[in-house]
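This document opens with one chain alone, in structure tokens, the form predicted alone.
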Amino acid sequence: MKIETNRRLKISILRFDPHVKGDKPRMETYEIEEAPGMTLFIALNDIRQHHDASLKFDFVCRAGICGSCAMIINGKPDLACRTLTKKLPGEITLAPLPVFELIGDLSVFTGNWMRGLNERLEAWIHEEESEFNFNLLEEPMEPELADEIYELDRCIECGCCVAGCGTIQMREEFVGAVGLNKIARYQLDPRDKRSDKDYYDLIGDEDGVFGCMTLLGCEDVCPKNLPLQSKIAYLRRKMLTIGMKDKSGCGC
């Protein structure tokens, strides 16, 4: 009778604390025993508890909702809490997400980047001043439209699509799939009173929808499986139509 034994995992982590004077980036490897149902989140806690208490990484919900445990896993952005070690080879390499501010090791601060994006795109519902009344009930919305808006609202701003975007690596001001997803969401919402021209002014250039190189990296790594590329294609067609109307003097 063959007795199955748990694998020994070798997890190599890019270690670096920018707040420690003289610290330099380095790879450190830890060996742990794989447990049934183990996720990378559990593995990292094992390392921190039994091997190195100084290891920095983030977690909050442990259910793929908060997005705080996003990192580069064997070269691909993903969430540690939803990545099962049994689906990975015995040697695993982890690194922090690029683009965002590094706190230390696998911990990054996405807050400033995401807040700046939300402010830049004015990611909130714009109502006409005369309609802004909390005492009024909202107009009914078709269930199909509500479902489409909800689908885009499932974005958890984890930063995986940003880390997987080739355009952002070359153009820092590019809004990325997370930004274009926000515009698609508000453009669909009948409660938002911005005109097509308003949306065009936000994303109708190379830093917006026309900067996307359609490499599909964002959709490939999105942990919520959002239809990012189809929405980007939709926005590109719509912004192109608006731009042509604007140049012809027809108005929007």
Partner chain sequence: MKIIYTDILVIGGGLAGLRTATGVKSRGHDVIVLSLVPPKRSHSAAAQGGMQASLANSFMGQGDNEDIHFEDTIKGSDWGADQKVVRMFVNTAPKAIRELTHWGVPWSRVKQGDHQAIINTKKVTITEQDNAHGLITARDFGGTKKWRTCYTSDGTGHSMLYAMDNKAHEQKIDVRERMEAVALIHENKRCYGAIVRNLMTGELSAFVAKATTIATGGYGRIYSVSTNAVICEGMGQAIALETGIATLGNMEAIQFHPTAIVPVGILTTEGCRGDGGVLRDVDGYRFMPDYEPQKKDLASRDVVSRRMIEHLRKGKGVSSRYGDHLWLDITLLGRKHIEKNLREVKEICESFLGIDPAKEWIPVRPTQHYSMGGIRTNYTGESQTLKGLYACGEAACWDIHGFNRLGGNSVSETVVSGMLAAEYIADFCDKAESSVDVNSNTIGSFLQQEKDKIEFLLNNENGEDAYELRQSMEQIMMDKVGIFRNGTELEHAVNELKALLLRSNNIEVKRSKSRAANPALVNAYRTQRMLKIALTAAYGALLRTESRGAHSREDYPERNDEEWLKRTIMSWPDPDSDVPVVSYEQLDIKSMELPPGFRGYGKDMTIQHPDSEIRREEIKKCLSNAREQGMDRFKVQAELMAYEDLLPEKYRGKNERLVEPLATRPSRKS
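Model, not experiment: these values are computed from the prediction. Residue numbers count along the first chain shown, from 1.
There is another form of the same protein, the form predicted together with the partner chain; it is not shown, and what comes next is about it.
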4.5 Å heavy atom contact, residue 27 to the partner chain in the model of the complex: no
Answer for residue 21 alone: is it within 4.5 Å of the partner chain in the model of the complex, judged on heavy atom distances? no
Residue 91: heavy atom within 4.5 Å of the partner chain in the model of the complex? no
In the model of the complex, is there a heavy atom of the partner chain that lies within 4.5 Å of any heavy atom of residue 68, even though the partner is absent here? yes
Can you tell me which bits of 141 to 174 touch the partner chain in the model of the complex, meaning any heavy atom within 4.5 Å? 141, 142, 143, 144, 146, 147, 149, 150, 151, 153, 154, 155, 156, 157, 158
